[in-house]
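Okay, here we've got a single chain as structure tokens, the form predicted on its own, with questions on binding and movement later.
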């Protein structure tokens, strides 16, 4: 009787978890489309095809950057929660709490930007929020940073729940990373790839959120009491440790869909080998220490930090990417897979993640960074990661949930290929602009730069059209998914 009660409770928890996963994905899809439209608006302004007041441009830039980071995390969290819940027992109320705090934070940020006029960028670099030359009031900066803090608290609660569940099931975070297998040769309780990825995400995201909360609190104190100053270099290090680690963690969340769906599609298991475990352990360490490559132009940074930033930016590119990329190819080779929208998007995501590292590594080279870092090259490399790496993972998961597993949408593979073509050309325009030394964060571009902006506008329109179709496919099926939970 007790066993039956336990089973019923677990089923009810899983049902509530699925409800939150669906709501997360619906929110992710809608906000993604809005953020894409904001990005299109900015490219239209830079192309000379749409006049935009510079103040509005920087408000849009701030909302776009902050919104994309936040919504990437929300979508990644939905993916990871769904698949991890098959291996550990998770409390669904945590998803609800995180969602509520996320919405509160979003409202605060939107008020700060579009009513208060805050346009300091998602990085909120000290002391800019407090010294705006009267472009925005102090309360707007406080609302923006307060909104970020609230969102961060929600995700910290979410991370702590993942940690609790993994520790309860596997006996510790080290065992969640498979250290008992890697270092002791144990064959007992081997964590599957999704659990390994979730453990890594839990560790790095928790540390990133704590650093982000610390610098946000310090900045809010400085806003209230200007006499309390912060060391600007310390503030910048904390911000980029938080920002770089957090946005990287989102793609580690999303990769669970690759580890779970490719084996189901091909009928071949994704095994947890020692090489796989070693790669994830190395990445867990290195993703925490490579952020100084964002600060190579800060002359006050210690030389040893610059060396770490360059060396480990190169090394970190290989472990997880190689085991994921080669693992995906090995599973796909001669599998007789039937290519459809989901499988093509999954392969696109692996390509986007692996190829997106190339411009990142180039920028992390000191002699290149000194010339290219404040150019469009940088948004080029992180748009590559997100647009062609993370978003196809989220779209594939949406469509997988929205359709019956034995139904292949007609022409779905072609649509996914078109998304890749439009997206790749779009990010290439950023990279070409960076190669030509076009500055980033400029509201207006010189006429000789605008040809790349204009091509980007056309390509972005294609990306948004296809993304709208992917999201609509999910939203149309959403009522049925909620009824079936």
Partner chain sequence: MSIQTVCALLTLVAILALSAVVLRVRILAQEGHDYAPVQGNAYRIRAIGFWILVLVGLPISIWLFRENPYTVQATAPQVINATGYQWYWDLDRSEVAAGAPVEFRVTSADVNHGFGIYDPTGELVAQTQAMPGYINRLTHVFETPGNYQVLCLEYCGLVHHAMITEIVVTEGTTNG
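These figures come from a predicted structure and were not determined experimentally. Positions refer to the first chain, counted from 1.
Although not depicted, the form predicted in complex with the partner chain is the subject of the following passage.
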- prompt: Of these, 220 to 228, 195 to 203, 388 to 396, 322 to 330, which stretch puts a heavy atom within 4.5 angstroms of the partner chain in the predicted bound form?
  reply: 322 to 330
query: Does every residue of 100, 106 and 379 put a non-hydrogen atom within 4.5 angstroms of the partner chain in the predicted bound form?
result: no
message: By the heavy atom within 4.5 Å rule, which residue out of 418, 40, 31, 443 makes contact with the partner chain in the predicted bound form?
response: 443
- line: Residue within 4.5 Å of the partner chain in the predicted bound form by heavy atom, from 119, 146, 116, 152, is 119
task: May I ask you to state whether residue 422 is within 4.5 Å of the partner chain in the predicted bound form, using heavy atom distances?
output: no
field: Residue contact check: residue 260 to the partner chain in the predicted bound form, 4.5 Å heavy atom
entry: no
message: Given that the partner chain is not shown alongside this chain, does residue 184 nevertheless sit within 4.5 Å of it in the predicted bound form, heavy atom to heavy atom?
response: no
field: Interface membership of residue 374, the partner chain in the predicted bound form, 4.5 Å heavy atom rule
entry: yes
message: Residue by residue through 340 to 367, which ones have a non-hydrogen atom no more than 4.5 angstroms from the partner chain in the predicted bound form?
response: 344, 347, 351, 354, 355, 358, 359, 362, 365, 366, 367
